[in-house]
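We give structure tokens for two forms of one protein chain below, kept apart as structure 1 and structure 2.
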Structure 1
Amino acid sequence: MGSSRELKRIIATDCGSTTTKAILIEYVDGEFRQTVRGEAPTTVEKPLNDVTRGVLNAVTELEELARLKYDNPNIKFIKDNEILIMEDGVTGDTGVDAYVSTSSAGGGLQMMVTGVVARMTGESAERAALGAGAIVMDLIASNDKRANYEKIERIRNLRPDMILMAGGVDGGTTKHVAELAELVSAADPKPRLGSSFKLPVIYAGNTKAREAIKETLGDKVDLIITENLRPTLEVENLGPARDKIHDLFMEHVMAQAPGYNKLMSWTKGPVDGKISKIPIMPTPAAVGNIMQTIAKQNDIEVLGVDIGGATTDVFSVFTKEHIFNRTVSANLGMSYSISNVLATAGLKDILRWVPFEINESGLRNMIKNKMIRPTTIPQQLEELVLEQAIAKEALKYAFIQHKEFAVGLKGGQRKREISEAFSQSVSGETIVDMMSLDLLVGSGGVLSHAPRRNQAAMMLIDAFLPEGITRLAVDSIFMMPQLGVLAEISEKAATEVFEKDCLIYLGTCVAPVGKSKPDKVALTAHIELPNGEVFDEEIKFGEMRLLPCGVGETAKATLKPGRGLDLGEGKHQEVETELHGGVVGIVLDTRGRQPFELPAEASERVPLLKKWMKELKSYPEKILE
């Protein structure tokens, strides 16, 4: 890791499938701050076919905005169509010390994984690939109930960027692992990009089966052997496989994508005082990097979501051991995949969040038009409300998938403590616990660019249904990828910017868990607000309240959930705590959890939606009348 003291100015970009986002990080008054940002459409596709054009466009905007900000026409980041890196460090208005980048353009990293038992080694392989930032196109396992010929057809048709093969704990089955290798060999899969090289296959399974694997696949694919990712049922060792995935991502996948060879030669910065190449990271891997850093530094549980145009990624760090999980819902997104949200959730579930009438045909056409013209922005208020309703459903489904995936290791026998036995914690159960969650972070256009931050808070609450007391934040411009890769050259710069500029705290959500009736008290709240006022109310079930409490402010609160309801200390048990404010404030939500129910009849539901939206100040009054 390089010394961050020498860094004065850094450019970081994230080349997404739609947009290339550039940020400028500067060392100002003794600290690192993110000062200017720019963006431009990604140009990895025809007609330009060169990712660096989009990067230059985004950096040009950065340059123009920096000139405006500092009223200095001499600022210059680009020279001869290349980002200008000052070998001897920045001294004047020209150039930068480092340029780093992440990428998910061109569909990101697409992988297929194999394992012997789908829910054991298969799942570990999936976790390794996802953690490395890949989209897992399919998991082929010995016990996945498909006939072998079907598996072969599937492997052949997939065209992944690479395959990760796991299976067998060390010393365990070799036959099943070898059989999977034979299926891969029979399918003779071709890589997605560039037909001139062999498909990379990483073997991270039973060490005893290595020779058999070499014999079966050695000639046909580019075989890389690494440590077993599940050496015993009780242990997962994902690191070595993940590292190999990253190496191959750079060497094979990136090198095939248009313009990436040039981009790879641009990403440089000082490491140990010398200008060195800084590898481009897959976007989700970079996000994982920064999220784990924060969870560890602050000892908290974090849940993050990035809802993009094509996919929705959910990241979480739960349990005392800071277990990291990432899932990708490859077909849930707000533009390319928006139509699939409609197909998954159904019209009824989307419309349950909409406080006005709209005909089906109009909505369907609007969704499809967004799909075919993914970069358009809702200009009309009604379209904004509709997009946000769709977002709630996309987020809800992505989170369901995450909960199903983020589980304890299955198949292992572990010693259980008495307390665990009582809490019925068993292997294979989700480790996502919304009650113990400390921080929920949203990002991606629909959350980060919501015209009102209150809308982002509303979307996060409605989609994730946080329980007990949870802080809410958005990554304003989805800076986490850039910070994740920046951490590779300066952890100090990355964490400083993260704390000061990346997260925008929305506030805190207080939501008692359980069910009650509308005429019953769900929450008795005594809250001393920072403006000197005291909020005292017995709030009935099915209500929402928004209290003012700004960024950096806290409010002392005594909160008692109603009968049958729980805020984390047990049913009907009082909680004394400090609530953190934010740009939205403190949200008290007594609409119930487990279950959270909305009336099926529009005549009952719409007035409630309007009441809650008014209380949260989500939309202008005119649309809620």
Structure 2
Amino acid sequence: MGSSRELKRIIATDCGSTTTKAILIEYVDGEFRQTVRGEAPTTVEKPLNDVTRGVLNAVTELEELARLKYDNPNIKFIKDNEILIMEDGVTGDTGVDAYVSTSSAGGGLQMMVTGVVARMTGESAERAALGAGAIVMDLIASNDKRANYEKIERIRNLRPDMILMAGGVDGGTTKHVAELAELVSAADPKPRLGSSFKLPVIYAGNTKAREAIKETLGDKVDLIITENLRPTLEVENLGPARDKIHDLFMEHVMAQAPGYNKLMSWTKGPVDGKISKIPIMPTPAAVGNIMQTIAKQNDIEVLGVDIGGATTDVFSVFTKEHIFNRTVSANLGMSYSISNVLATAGLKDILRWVPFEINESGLRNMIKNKMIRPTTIPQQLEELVLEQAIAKEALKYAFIQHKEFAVGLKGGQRKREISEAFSQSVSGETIVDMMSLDLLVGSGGVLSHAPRRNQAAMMLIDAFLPEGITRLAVDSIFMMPQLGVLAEISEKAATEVFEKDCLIYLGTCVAPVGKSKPDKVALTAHIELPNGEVFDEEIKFGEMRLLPCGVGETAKATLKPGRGLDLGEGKHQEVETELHGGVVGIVLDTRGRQPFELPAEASERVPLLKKWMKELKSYPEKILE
């Protein structure tokens, strides 16, 4: 890890599918801060066919804005159409100490995975690929009930960037793993980019089967062998496979995309005291990287979501071992995939969040318009309420998928052969525990650019239903990818900017878990607020309260949940704690968890929605009258 003292000025870019975003990070008054941001259209496609043009355009904007900010026309970050990296360190106005980048341009990293048992080694392979920032196009398993010819056709037609093959515990039977290799061989798949190249295939399965794999696939693909990602039923070892995926992403996928060879030669920074190449990371892998860094450095559990136009990514770091998981809900998004949200959730579930009458065709028209004009934003307040209702359902279903995937391993205590487990589900319980969650972070346009931060808080609370005591935040300008790759050379710089400039803390949500009746006390709260006021109240079940507590402020709280309700210390047990404030404040939510229920009848539900929205100051009064 490079010493952060060597860094004074860093440029970080994220080359997205449509926009290339650049940020300038500087060492100011003893700490790292993000000072200037620029962006430009990504230029990986025709007519320019060179990703570096978009990067230079975004960095030129950084240069111009920095000159304005410091009233200094001599600031210079580009020379001879390249980013100027000062190998001896920045001393004046010219150049930067490091340049790092992430990329999801050209469709990102697209992979196929194989495993013997879909719910065991197949799932482990999927976790490895997703954690490395890939979109998993398909999982081919020996027990997935498709005929062999269908599997061969699928492998041939999908044209992934690479294949990750898993299967078998070390020393177990090799029969099924060898059969999977024969299917890949028969399909003779070609890579998506660079048709003259062999498709990269990573084998991370039973070590006993390596020779058989080499014999079957050695001449047909670019075969890379690494450690078994499931050496025993009880152990998952994803690190080596993820590292290989990153390496191959650079060597094969990025090398084929227009202009990336040039860009790869630019990304450099100080590592162990000398200037070294810094690999470009897939954007989602970089977001995962910063999440893990924050969780480990602060010893907390973190859940993050990025809701885009086409997909919703959920990231989590749970348990004392800081186990990282990422899922991609490729069919849930706010523009291109918005119709899928309607199909998944149904009209009834979307409309349950809307506090006014709307006919079914009106909602369908709004959704279709958004799908065919993905860059439009709501023009009327009613449209905004509808869009945020859809977002709540998209986030909810993406989170359900994440919980199903982020599971512990359910291996036997005795040694078992693969064939014994062949028809069994071997995934354990989900490791996602909302009661132990410390920080919930939202990003993506609908959350980061909500007209009121209170709306972002309401969307996160309604969609994820945090339990106990949870801090809420949004990513201000989606700089998490750049900070994730920056953490590779300076965790100090990445975490300081993440805390001070990336995250906008919304506040804290206090939510007792359990069910009660509307006339019963759900929470007795004694809270000493930073403005000198004391909130001392018994709150009935089904209520929401918003208390003022600003960014950087804390409130001393004694909280006692009602009978049958739990805040993390057990049912009806008092909790003494400090609650962190934010731009929204402290939200006391006694609407119940496990289950959370909204009345089915609109005549009951709508007054409740209006009451909660008024209390949280989510929308102007006129829409809630």
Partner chain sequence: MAQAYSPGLTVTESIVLRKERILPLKGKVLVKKGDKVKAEDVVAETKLPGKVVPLNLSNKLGITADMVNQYIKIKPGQEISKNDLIAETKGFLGLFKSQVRSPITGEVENISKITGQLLLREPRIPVNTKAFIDGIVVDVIEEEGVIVENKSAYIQGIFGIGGETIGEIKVLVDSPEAILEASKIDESCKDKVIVTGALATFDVIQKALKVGVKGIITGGIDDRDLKKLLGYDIGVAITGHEDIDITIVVTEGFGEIKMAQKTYNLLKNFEGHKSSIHGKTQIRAGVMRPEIIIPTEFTVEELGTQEAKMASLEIGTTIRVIREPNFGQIGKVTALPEKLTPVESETLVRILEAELEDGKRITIPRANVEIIED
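Only the largest set of C-alpha atoms that superpose within 1.5 Å between the two forms is called the rigid core. Sequence positions of structure 1, starting at 1, serve as the residue numbers. These figures come from a predicted structure and were not determined experimentally.
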Panel number for the form predicted in complex with the partner chain: 1
Has the Cα of residue 87 moved 2 Å or more between the two structures, judged after a core fit? yes
After a rigid core superposition, would you say the CA of residue 488 moves by 2 angstroms or more between the two structures, or not? yes
If I superpose the two forms on their rigid core, does the C-alpha of residue 220 end up displaced by 2 Å or more between the two structures? yes
Could you tell me how many Å the Cα atom of residue 258 shifts between the two structures when the rigid core is held superposed? 5.2
